[in-house]
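Only one chain comes next, encoded as structure tokens, the form predicted on its own.
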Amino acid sequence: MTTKLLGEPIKRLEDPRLLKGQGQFVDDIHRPGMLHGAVLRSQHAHARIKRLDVSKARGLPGVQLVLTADDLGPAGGSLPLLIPHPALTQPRTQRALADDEVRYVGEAVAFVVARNRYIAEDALELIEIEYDPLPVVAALDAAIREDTPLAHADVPRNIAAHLVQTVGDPDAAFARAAYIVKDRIRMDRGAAHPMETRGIVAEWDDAAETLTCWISTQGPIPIKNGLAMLFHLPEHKVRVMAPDVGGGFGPKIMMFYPEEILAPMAAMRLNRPVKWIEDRIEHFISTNHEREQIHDIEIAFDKDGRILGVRDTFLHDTGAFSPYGIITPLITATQVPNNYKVPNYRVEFTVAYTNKVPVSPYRGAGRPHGVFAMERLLDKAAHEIGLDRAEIRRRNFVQPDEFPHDVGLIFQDGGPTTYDSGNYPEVQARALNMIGWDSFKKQQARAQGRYLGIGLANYVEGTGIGPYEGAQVRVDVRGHVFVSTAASTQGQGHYTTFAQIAASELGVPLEKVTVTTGDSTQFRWGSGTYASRALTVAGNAVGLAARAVREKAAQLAADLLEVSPEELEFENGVVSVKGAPGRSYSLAALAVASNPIRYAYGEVPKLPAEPLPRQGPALVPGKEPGLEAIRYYSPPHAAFASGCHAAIVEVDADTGMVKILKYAVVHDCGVMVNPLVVEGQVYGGVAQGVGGALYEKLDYDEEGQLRSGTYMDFLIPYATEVPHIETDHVETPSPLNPLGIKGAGEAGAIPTPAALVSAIEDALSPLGIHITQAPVKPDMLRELIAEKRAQAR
């Protein structure tokens, strides 16, 4: 490569447009004659619908359509189960509109389309609905008890799935252990809360019989395919675009949310565009949640503090339905061993239905839970064995010369859980140095009367899962490079990083590259952006496609210049003979030359007026016109990123407030295409991790009513609560893909609760407080502190 762009901290190309307010999000889409939708949602966590009368709503002037379950036809059946699994023996997915029973507050019951949203909302108030309340299961602790009400009458004990995985002989390991530590660890319900809520604009062209949808989604291609199947349309008659998306974080990979069926159906029936935009209250009760698990975990150690075995039994709350299968608990189960050698491991999980919002992956997707459980117990073990918290981790790390390291479990993608590369001791050592681990005790001692603490947490993250992504790279006759892929962007910087990969391969300036993502007409194969996979999978597809174009251009230039391709170099959009820059062709000229029908382009400087003499057809078998290529990349299995977070905090013992004084992150995502983008991902992840550690809890009462359904009660950290974050990077290239990269999107959020709770517990160690759950909200800390102080009196 003669143009060095890979690895450069280039400012994001998309930012000037977004910062100037020129982004186009779904709510910015306005179509002629557009109507607006609103959803009637259940106010009951569990109830039978006795009567539903929409006649008054249909009669309201301005109302164009009211849909109930009876109006949906075949589209009213159960929505797809996205990822089946043999252990998911009782899968249940909701319908676009509830028919005879509702199972959580927020479930869609009716859809109104009107001239504007105000009229649609007024019409919702005219719908007469009578419920027969049913018993509710809300608490995860009680969900699988014999005497607990059932979320689904035909699912015994609310158990959706049950799975056991075993590595080695855990019972024998525990039998010979010198130390055993155990605890019940809990992580509460949270949610993504992106800046942009969900939304869709659907438009039907009756003459062309085409359906066009703009959706705030992470997976436009699967939705396109699903809508085509649902409405019996040829796939090429359905176009789905994900325009600018203001954050996804997992929940927007869902397929389908009810509105993604209702709005297109309404548009087709009315032959007019229909828009639906989720408001913030709806987001709390209709966009999927995550996080809630309860772990009973124990670790066996030898006399030197080395892990002999781990046994973990945990309960996972999937809410009222299981649309995404059991991906989240599966990830948790493989996450628990973390960066450490665990020769004997038994994990057993049960997935329970409750009358709460359904669950699907949210940034971290089961990993924060596993890391929190493991790291909490390592802190406890260090205390009981008498080791430094960093030292007990050091003694158990997978070592740099032990890769690939097979954990012995099946990962979320059905492949092995095999760590491909890493240097965990180096990562932790750097983090400890950055945070000042060795000198902190002196600082703590000097801070008399203050509760200062230091903590750390390590993590691995399986990234870059398959099945595949693809990309097309094309050079036009002006020498501009166009990249298209199905991996849509939700703010990750794809327009920059994908452009860097293509520009580096083709030796063109970055401004000559245009990237298109998330438009099913531009690239129609792929699954989307989730699971920290876009750059690893789609980025490698871009690299492979660009390399194929490079090889094609090199052969063309070699033929014209009568040299071998190996004698050529690419720089600034020109292909020239090494050491003879005057003997060259621009990529623009080669793009013309690549088309046997070149006459329409006119005379191109330096290019022969006539094609070179040849024998046989202009396009020999296997040769295609144009300077373009499509390539796909399918990883053999996940690539594992890793890292260490360390924090210093101060706890106000009177208010329970926690102030983060210092925060350090060392991250290894393999080769960094753009360090600036990686750091942005880390910062954003830590910010969400701080929320999950200290503030954000979706609190349900025993009747399944969400008590923290506004930002007055569900506390998202502001910039004032997010600390300055010091970062450093270790790069251990992944051997699994040509670019050597691993994902970076979720890592910032994964260990933050474990690192902060470790520091908080250290700060409160004079009071003997032990913390086993997250988030650690101020009121909870106040109660713990008061309890300990009362015991001390």
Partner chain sequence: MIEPKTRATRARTLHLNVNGKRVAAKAEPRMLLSDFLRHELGLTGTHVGCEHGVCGCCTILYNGVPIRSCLMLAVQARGSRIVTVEGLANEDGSLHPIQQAFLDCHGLQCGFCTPGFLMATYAFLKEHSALRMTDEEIRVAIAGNLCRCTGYQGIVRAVRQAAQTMKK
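Positions refer to the first chain, counted from 1. Everything numeric here is computed off the predicted structure, so don't read it as measured data.
There is also a form predicted in complex with its partner chain; it is not shown, and the following applies to it.
Exactly one listed residue, out of 472, 350, 527, 681, brings a non-hydrogen atom to within 4.5 Å of its partner chain in the predicted complex: 681. Note on contacts: among 71, 650, 122, 703, the single residue with a heavy atom within 4.5 Å of its partner chain in the predicted complex is 122. The candidate stretches are 681 to 689, 314 to 322, 515 to 523, 157 to 165, and the one lying within 4.5 Å of its partner chain in the predicted complex by heavy atoms is 681 to 689. Heavy atoms of residue 27 reach within 4.5 Å of its partner chain in the predicted complex, making it an interface residue.
Of the heavy atoms in residue 490, some are within 4.5 Å of its partner chain in the predicted complex. Though the partner is left out of this view, residue 207 does not reach within 4.5 Å of its partner chain in the predicted complex, counting heavy atoms only. Its partner chain is not shown here, but in the predicted complex it comes within 4.5 Å of a heavy atom of residue 281. For the three marked residues, 331, 373 and 771, no heavy atom of any sits within 4.5 Å of its partner chain in the predicted complex. Interface residues of 651 to 666, taken as those with a heavy atom within 4.5 Å of its partner chain in the predicted complex (partner not displayed), are limited to 659.
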